[in-house]
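Single chain ahead, by itself, as structure tokens, in the form predicted alone.
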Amino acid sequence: MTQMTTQTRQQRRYAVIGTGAIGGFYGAKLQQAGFDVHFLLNRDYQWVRDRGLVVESVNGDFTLPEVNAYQQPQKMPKCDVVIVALKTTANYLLPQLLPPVVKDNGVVVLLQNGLGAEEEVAQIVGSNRVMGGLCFICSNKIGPGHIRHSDYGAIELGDYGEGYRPRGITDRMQAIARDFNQAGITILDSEDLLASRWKKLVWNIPFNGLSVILDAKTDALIADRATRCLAEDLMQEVVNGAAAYDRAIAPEFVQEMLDKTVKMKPYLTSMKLDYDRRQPLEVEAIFGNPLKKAAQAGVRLPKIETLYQQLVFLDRRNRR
């Protein structure tokens, strides 16, 4: 931990596993700011190796003609910070992807949706080497190595403690936050990662789920009285789930999420985009795991459970 806090920008090395809408954007911003960044890719590997990354952003477009691109983790250098921006549906690959890339004293930062991924990764690298990041961003990959960032961009960063015990603001959080801030990425500190995960679900559960089931963008869902009421009911159930773990979510926060959705540009959620592309949906991470957590605490979330059951059906049928 001490080494991480004293390293300079030139010394600290970053890896990005999952160079899509999220990993590609944040990794590109870090490289643009002068950091040593290494990207693991799959289908886009050859394209990005030959042509680099293109970012269209509301904050200014830029191109990285050359990036450190890899198709196999064994060929990557060991890195101080490994950013995981894969969809959670691909987390079964992490036992093979992480060990070759993360340094012995390095840390894994999960920029993923849902709940429970930190617990899984802790079994691979150890619970003292995991952090979680919640991305508040509208970003899509629109082509090989081509990312379009349309709104927001902050990350809420929290350190993981075994069993999601609160860690407070740690030195390594502050070190990574300084790097991201230098790259023009706003970092919000989370003293309690579990509380932050539940708060992120306040928006993700209703709008990701309803966008798929009702085939609608966020503006249509928030503008219609019936679906807005349903979204509010789902948000309240998330609040109830968090309360079962003694994490209080204030009514003002729920209202803030509703107000932001009203002001948001018409947006296809990540889950709707995955559904339209016939890709696996993050149903377990965003819906199944919170339901299990709530059930373990003796709390039922019936409307979320209904949404979950519908999404499981649609996901299976969509990928036949």
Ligand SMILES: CC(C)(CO)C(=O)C(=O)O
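Keep in mind that this is a model prediction, so the values were computed, not measured. Numbering starts at 1 and runs along the sequence shown.
Separately, the form predicted together with this ligand exists; it is not shown, and the next lines address it.
Of the listed positions (A231, L194, C138, L98), a single one reaches within 4.5 angstroms of this ligand by any non-hydrogen atom in the predicted bound form, namely C138. Proximity to this ligand in the predicted bound form, defined as a heavy atom within 4.5 Å, singles out one entry of Y267, F62, W47, F253, which is Y267. Contact with this ligand in the predicted bound form, defined as any heavy atom within 4.5 Å, is confined among 130 to 138, 243 to 251, 174 to 182, 98 to 106 to 130 to 138.
Every member of the trio N113, K200 and W203 reaches this ligand in the predicted bound form with some non-hydrogen atom inside 4.5 Å. Looking at R51, you'd find every heavy atom of it more than 4.5 angstroms from this ligand in the predicted bound form.
For the stretch 245 to 263, the set of residues having any non-hydrogen atom within 4.5 angstroms of this ligand in the predicted bound form comprises only K260.
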